[in-house]
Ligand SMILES: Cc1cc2nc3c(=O)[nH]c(=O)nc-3n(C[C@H](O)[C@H](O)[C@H](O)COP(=O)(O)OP(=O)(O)OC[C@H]3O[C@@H](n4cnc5c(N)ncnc54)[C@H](O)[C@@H]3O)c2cc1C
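Only one chain is given next, in structure tokens, and it is the form predicted on its own.
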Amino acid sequence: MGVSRRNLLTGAAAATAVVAFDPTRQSWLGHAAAQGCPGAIRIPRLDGELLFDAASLDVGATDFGHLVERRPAALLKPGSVRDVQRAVRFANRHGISVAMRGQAHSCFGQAQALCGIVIDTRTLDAIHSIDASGAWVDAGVKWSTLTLATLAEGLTPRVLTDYLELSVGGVLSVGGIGGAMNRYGFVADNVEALEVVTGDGCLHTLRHGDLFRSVPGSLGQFALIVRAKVSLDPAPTQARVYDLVYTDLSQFIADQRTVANDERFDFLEGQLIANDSGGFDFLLQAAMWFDAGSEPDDAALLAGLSPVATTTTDQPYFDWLNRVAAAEGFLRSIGLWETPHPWSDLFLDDRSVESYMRWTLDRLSPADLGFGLALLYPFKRRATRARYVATPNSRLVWAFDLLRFPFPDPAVIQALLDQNRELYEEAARLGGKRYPVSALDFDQADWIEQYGPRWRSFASRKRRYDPRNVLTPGQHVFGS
């Protein structure tokens, strides 16, 4: 598949330049083997590289979760969008699965393709243009890189995830959640245009229409995002951050509802924080963007709220956006960044959030998080538009995330994975949904429940845009 002559497939004897594919044995062939195989399919040339060495396949077999390993047959480092087209067209023709891998920050093999081709988009990392109409960027560009580039032009992405070292394509494929989505929806709701490759290997530039409305948040099931035009707003220079501490869950939830409903803050999130009794207190964390000389009205913003303690700080806007970088550095320093991460990510129904959280807090302790954290915060469902990011049918929806960094004891990891399933099933019983980056083994029956009435249209679009079911097998939406 466009293999450069230095790409090698090492076998039991000697390394051989790969020039063809044997569809009968599902194996790659060198010159001599291809000559003796009448059904061999010659591989077209690529601008990038198709790699078969053990180190490259190890990259394609892992993700941030370090819980599932599915080894691909090859790893593609594309040199162009055309390489993605060629790879998908080849895979579609011969029934090989394909997955797009950005920063691989999923937790349960979602970007893997067992015995297939993993496309590593880190080589597609160009920012093509930035202006008030948006930023055209390749799928492999990291949000940190894009944000710094837009800030240099006085602009900023409208909604960002808390961790900026994620790829644009990866975030848009799953939806993308963050503290600004109460006003503006998911990250995936804030794109002006897309370039995508559908399962037949065709390239489409989209600004409207069914495919444009269907791809964001659809888990790479219909098409692979190769470029996006990200919506931009004028950028502030400062963030004023309000940390409001609560000891009472009911008051914490009530105050979050208040500020979500009236949209008084630019940013809203909430956390569970360990207390001295071995349980949790609660932190409402909100922020307002501003420039010097136009400071927020603290009294108006905090009116009607009842925390037990409040702290207010100002910091540069980008420093606030990039606040997780310090935590990443610490976790790397103690060896927990590259260990298993049994994260749980759910969307909760507003009508049952308090009863669900009381049920959860009876089963959850700070020790279950290790060096991680737990997030709980609401957003308005009407602000979201991505068709296939499944959320509860309530006016407010609550993101509930257990971002666990435990010590890598296999028994502990398995217990936390079992707890993830228990937490999900109780949430689903109460109308909740899964946010699909989490460490939770989903089969097709789970996905049918997840999408509910939208399952039929989801399956119909899969048949239309990826008829041979080659795209993104790691989500297990349509089988393994």
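Sequential numbering from 1, following the sequence displayed. Just so it is clear, the model here is predicted, and its values are computed rather than measured.
A second form of this protein, the form predicted in complex with the ligand, is not displayed here; the remarks below concern that form.
Heavy atoms within 4.5 Å of the ligand in the model of the complex are found in one stretch of 108-116, 73-81, 312-320, 236-244, which is 108-116. With the partner omitted from this view, the residue of 256, 167, 190, 344 that lies near the ligand in the model of the complex is 167 [heavy atom within 4.5 Å]. A single residue from the set 268, 228, 174, 397 has any heavy atom within 4.5 angstroms of the ligand in the model of the complex; that residue is 174.
Contact annotation for residue 87: none of its heavy atoms lies within 4.5 Å of the ligand in the model of the complex. In the model of the complex, no heavy atom of residue 182 sits within 4.5 Å of the ligand. Shown alone here, residue 52 lies farther than 4.5 Å from the ligand in the model of the complex, counting heavy atoms only. Taking the partner from elsewhere, residue 104 is found to have a heavy atom lying within 4.5 Å of the ligand in the model of the complex.
Of the residues in 220-241, those that come within 4.5 Å of the ligand in the model of the complex through at least one heavy atom are, in sequence order, 220, 223, 224, 225.
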